[in-house]
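Listed next as structure tokens is one chain, alone, in the form predicted on its own.
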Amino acid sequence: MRNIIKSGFKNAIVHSPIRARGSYRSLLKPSLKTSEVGILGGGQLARMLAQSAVQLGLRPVIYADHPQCPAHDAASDLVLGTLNDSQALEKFFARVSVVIFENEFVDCEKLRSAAIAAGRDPDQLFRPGLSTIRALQNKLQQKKMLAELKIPTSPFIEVSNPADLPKIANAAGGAVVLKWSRLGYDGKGVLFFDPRKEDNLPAALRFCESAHSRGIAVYAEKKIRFKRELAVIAVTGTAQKRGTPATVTYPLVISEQEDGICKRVMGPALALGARPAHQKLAVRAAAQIAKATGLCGAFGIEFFETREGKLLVNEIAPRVHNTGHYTQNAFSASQFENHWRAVLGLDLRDPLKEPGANQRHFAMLNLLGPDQVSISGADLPLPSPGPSSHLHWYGKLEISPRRKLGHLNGIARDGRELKKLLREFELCEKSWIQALKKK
């Protein structure tokens, strides 16, 4: 598989960094003519971005397809429309000074066309830029870019012909992880394939056929025997320092998944057994990725720590990320605030320069819809956080299995307190689930 994989590195896409653009009101460069800023999307990430924008004196305008989206009551205003509604997009783009993304699952060409029709310069309106979103929304292109940058990642190969799957898997050692290059998240668009199991091949073929029917490439990764998953949130700004956009990072954290969905985050990883070299590698990788792709704002990088002690990049998300929600309570500036600071040209708050940044313990627990529970209504039971917990609720009116509904944050002085905090989280979640099941 090694020789096959190497041939896939040749077509990596590497983009130049974007240049510094306009900034917010008189505090910065005067190119923003209004305090209204746009968020494309209305889910929980948009909600938390809007809340942070208000704290900075901005007026966040949400573009969403439903009037009761999670972000609706955190926004200054709401523009309704789908991502295919050119007229609604034009109205939205004409109104705001800058547009940021809740997620990368967008059609960049449609957005560019709508921006031009609205009389806006796409290269100045969107942050990150559309070329950056286009490059990073494709995970196969991410892998090729990482290889070009010599940033360690798991071996991979594009699956052009699904009939080759048994041969590809055998060359990789007997099992591979199949992934859609686009539209995969929270465990969707991912399938484990082991040719030694007779029932695996039909499911793998259907997986590939479903992707190819949507014009989505599929690639196979060698299955990594990892010790744990780690993650880091980085933020790159548009404010120039010595000619280069500044990049700051939050501490490396441990991320635990359940069925492909982030369940809990704990940190700092350095205080929980991670090697100092791993944090240095993560910080260096973040700076390389930001420079190569022109990233602007917050972005998340997920890693595998292998049993042999290597650190491999798994995926990159060009936006605020679930593994960074703990920053709302653990640091003076959250990933959401720093995201706005970055795209508007404000100075970034460097988390690692805060006193005790790598000693302060913290945790986050995602609150997911329980299995076999599907209910709706405005009077749904809310979790009751313990004395050391902070509840961040998303205001969704429907609960379904595995749906993200909110999260708990907390900080602790040391590892012993961290264990107590995690237990507090678990008790809160357990009582909440029991209340839901009585509805």
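Note that this is a predicted model, so its numbers are computed, not measured. In this text, residue numbers run from 1 along the sequence as written.
Just so it is clear, the following notes concern the form predicted in complex with a small molecule, a form of the same protein that is not shown.
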query: Which of 122-130, 164-172, 224-232, 354-362 lines the interface with the small molecule in the predicted complex (heavy atom within 4.5 Å); finding: 224-232
query: Contact residue in the predicted complex, chosen from P195, P152, G81, G260 - any heavy atom within 4.5 Å of the small molecule; finding: G260
query: In the predicted complex, the residue from E315, E90, E158, E102 that sits within 4.5 Å of the small molecule by heavy atoms; finding: E315
query: The small molecule contact at R341 in the predicted complex, heavy atom, 4.5 Å; finding: no
query: Contact of D186 with the small molecule in the predicted complex (heavy atom, 4.5 Å); finding: yes
query: In the predicted complex, V190 touching the small molecule (heavy atom, 4.5 Å); finding: yes
query: Contact of H72 with the small molecule in the predicted complex (heavy atom, 4.5 Å); finding: no
